[in-house]
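Below you will find one chain, with nothing else, as structure tokens; this is the form predicted alone, and questions on how it binds or moves follow later.
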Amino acid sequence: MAYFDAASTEPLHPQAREALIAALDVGWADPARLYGPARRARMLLEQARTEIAEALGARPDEVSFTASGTQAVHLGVLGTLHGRRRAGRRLVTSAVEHSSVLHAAGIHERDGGSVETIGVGRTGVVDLAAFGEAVLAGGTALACLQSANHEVGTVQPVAEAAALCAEAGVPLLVDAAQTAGRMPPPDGWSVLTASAHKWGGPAGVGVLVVRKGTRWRTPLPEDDRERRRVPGFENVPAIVAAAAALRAMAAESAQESARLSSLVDRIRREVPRLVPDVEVIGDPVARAPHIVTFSCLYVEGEALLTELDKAGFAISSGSSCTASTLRPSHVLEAMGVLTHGNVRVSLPQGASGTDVDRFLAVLPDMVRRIREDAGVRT
């Protein structure tokens, strides 16, 4: 099986596996206690915190660990809104944010707050002028902008948006799930979230980073863990493995990201040449190195994925978080592109050119057969 769904989850990095197994033996105790095994667990936890902070461009005391990237986003959005209630109740967000941001925004609206959603162009880049105008409006408590889109890979102008937010005195939350470990951390954010299983760490570890000076209050009942930001017992072995994976991926990223990006360029170039009536989606240049999305006219994405699965390819369609529903992707709708017959190829570390060549070889005939079965000839 050729695994091409790294945007959903990256396979566990070998160094993460080694670190996890070792930490299960020595990092199992409660890091909040004072006896020997607990002190050892605390040391491992704080070392992992320091390593992850360094990779993300933060201070260790700004980093907290959550149970998932989704929980990190929920706490980041709702906690900052809660901490800045006196500043106002307006939330500004782009139309292509991850569903976790949109769901948190929905909670905020039901609580009496307001949300302004900023549109994007056909490549998925946020309308920066509209974004800047929105954050300048009175009563804006928080703005959200992802580092790169999880469905189409388009990189957002985070540094420029951050400058607009700084001018308005509004904190910016950046969801960096698709770029942490793969690309340099963006500049100018006030709150940053990420998810370990996206960079080759284990599932069940999210990262919430709140810059010093950013007003933040937990929207949950307080706990003594994780600087009172995140309730519950820390999963020290998993956090240690997450740090090992991030350290390894960041060290490999310059060379590996360039290699993966060249494979993505090949897919972007060859698919429209080989398959009629195909739209390749997302910015061709300002993009994450591992993601390419295309839509095939007259083809149901699920049917194509089933055929690809039979041929030995693990690939997703549309949003990885809404693939089990019949609802069209909100990202593709916001971009004004084809919302059906959508295929997202996201290459993991180590993906081979041979597998990409095989994918390009089998795809045209699959699309042709599905179209013929539907009574369409191209």
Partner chain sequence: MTSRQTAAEGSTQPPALTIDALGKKCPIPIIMLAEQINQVPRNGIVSVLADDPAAFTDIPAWCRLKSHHHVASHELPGGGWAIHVRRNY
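Positions refer to the first chain, counted from 1. Quick caveat: nothing in here was measured; it's all calculated off a predicted structure.
Another form, the form predicted in complex with the partner chain, is not on view; read the next lines as being about it.
- Residue contact check for residue 348: none of its heavy atoms lie within 4.5 Å of the partner chain in the predicted bound form.
- Not displayed here, the partner chain is kept clear of residue 271 by more than 4.5 Å at the level of heavy atoms in the predicted bound form.
- The partner chain in the predicted bound form is not approached by residue 1, whose heavy atoms all lie more than 4.5 angstroms from it.
- Not displayed here, the partner chain is kept clear of residue 45 by more than 4.5 Å at the level of heavy atoms in the predicted bound form.
- Proximity to the partner chain in the predicted bound form, defined as a heavy atom within 4.5 Å, singles out one entry of 333, 30, 61, 309, which is 333.
- The single contact residue among 169, 184, 139, 119, judged by any heavy atom lying within 4.5 Å of the partner chain in the predicted bound form, is 119.
- Proximity to the partner chain in the predicted bound form, taken as heavy atoms within 4.5 Å, picks out 299-307 from the listed stretches 299-307, 206-214, 232-240, 71-79.
- Contact residues in stretch 328-352 (any heavy atom within 4.5 Å of the partner chain, taken in the predicted bound form) are 328, 332, 333, 334, 336, 337, 338, 339, 340.
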